[in-house]
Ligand code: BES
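Just one chain follows, in the form predicted on its own, and it is written as structure tokens.
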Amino acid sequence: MSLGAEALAAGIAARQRSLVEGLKSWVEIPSISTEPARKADVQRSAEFLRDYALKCGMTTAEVWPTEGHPTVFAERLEDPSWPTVLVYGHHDVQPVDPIEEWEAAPFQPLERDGLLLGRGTADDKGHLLMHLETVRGILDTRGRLPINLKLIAEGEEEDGSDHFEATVRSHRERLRSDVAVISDTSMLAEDVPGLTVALRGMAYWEVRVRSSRTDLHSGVYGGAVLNPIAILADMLAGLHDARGRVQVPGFYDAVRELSAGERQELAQVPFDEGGFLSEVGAIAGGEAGYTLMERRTTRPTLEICGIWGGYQGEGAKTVIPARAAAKLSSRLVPDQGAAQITKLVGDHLRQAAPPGVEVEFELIHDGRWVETPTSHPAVDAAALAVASVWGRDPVFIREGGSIPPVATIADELQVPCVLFGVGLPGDHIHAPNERVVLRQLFRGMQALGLLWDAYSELGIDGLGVRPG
């Protein structure tokens, strides 16, 4: 490491404590985007981030209102001839139920044993402050960044990102950049660094079945009329065969199968199948013919996420309900389109219902899959930065989850997306006792310092390369 690099590393390391204290303060703001009563808190969260960005050296920071919750934009432009990097994250958080399972109050951060517990510590406030404190460390050491840097943090990622696409389109010129770095992902373990290079897309639906105008007495009408719960159960049971394969005609037609080389590469990723299942007490299932890792990251899915109908209270109520309903979700892979899959699944369910039964099928939200070639110079530079800090080459991770805003950034801004997050599987994101391993954030800061230098050396032309 050169003397210049040593000074930079020391300058960035000096910001570790301010990251922790800043994160503690931010976590105290309960920015739950899915709860209408928290609307003012999400606004406060946006204002906190705006002010924090200015303190860390961003020269511009703004709160952009949307029809939902606000988005934060910040930038520091050093030289128009230098590459411009756009960082994405989100400042809203998930609800905290069940509250009784938390070790401490979810919005009263608890620091212990190298961890920080609290809602939003890992997902995604910690990642955003990792970026901003890195900026402060570089400026303290050098006085300027080696790149132009922009940051966008939305306030409703946990609520479907309904207004993010419109926000990006209306501010496309302000967001123009050469590469995007998304820090809302994780690594496999502290000693197994990784970079995410693919995300599945998704579609989420509600299906409603109705077979009478009103609820019916089960003694008077039982055995003489159709039961919507039984109808819906049959419809849902028919979505898969005994080997876990989706039975919707055309569902797999557009799926791009992995090459033998890609399957071999995926097989090399360290993954403890037994531990993965036992940690949550689950039983393996899914599409036969594929490994558990392939099923959870590279294969399309069709899942039943909720079902209801009839009387749900204590005691008995002897009625045949008029309606039943279910929530469904599908994780999509290259080259499946959400619109086409929505049509196929909706048509299949309608055809599966008996004549005369009313079936409503509604798309709640969707998002496209994302894939960044591992051969892209922006990914290669990130891999080298991670390897330098963690002391070993990162594995390339295909993530089973979905981040719809990544597809929006890729499509609307036409830039490669590098998914660099430092979370861990045990961070309990979306669950009680969410936590972040502080050392992961500190390492992430060091890797970002190296990455910005690498992107500076690549230049605009180097980052604009599109591998064949």
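The first residue of the sequence shown is number 1, and the count goes up from there. Values in this document were obtained by computation on a predicted structure and should not be read as measured data.
The protein also exists as the form predicted in complex with this ligand; that form is not presented, and the subsequent description refers to it.
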- The stretch from 63-71, 437-445, 424-432, 41-49 that lies within 4.5 Å of this ligand in the model of the complex, judged by heavy atoms, is 424-432
- Query: According to a 4.5 angstroms non-hydrogen atom cut-off, is residue 402 in contact with this ligand in the model of the complex?
  - Reply: yes
- Message: I'd like to know whether residue 119 contacts this ligand in the model of the complex, with contact meaning heavy atoms within 4.5 angstroms.
- Response: no
- Message: Quick check on residue 299: any heavy atom within 4.5 Å of this ligand in the model of the complex?
- Response: no
- Query: With the cut-off set at 4.5 Å between non-hydrogen atoms, does residue 365 touch this ligand in the model of the complex?
  - Reply: yes
- Message: With this ligand taken in the model of the complex, which residues across 133-163 come within 4.5 angstroms through any non-hydrogen atom?
- Response: 157, 158, 160
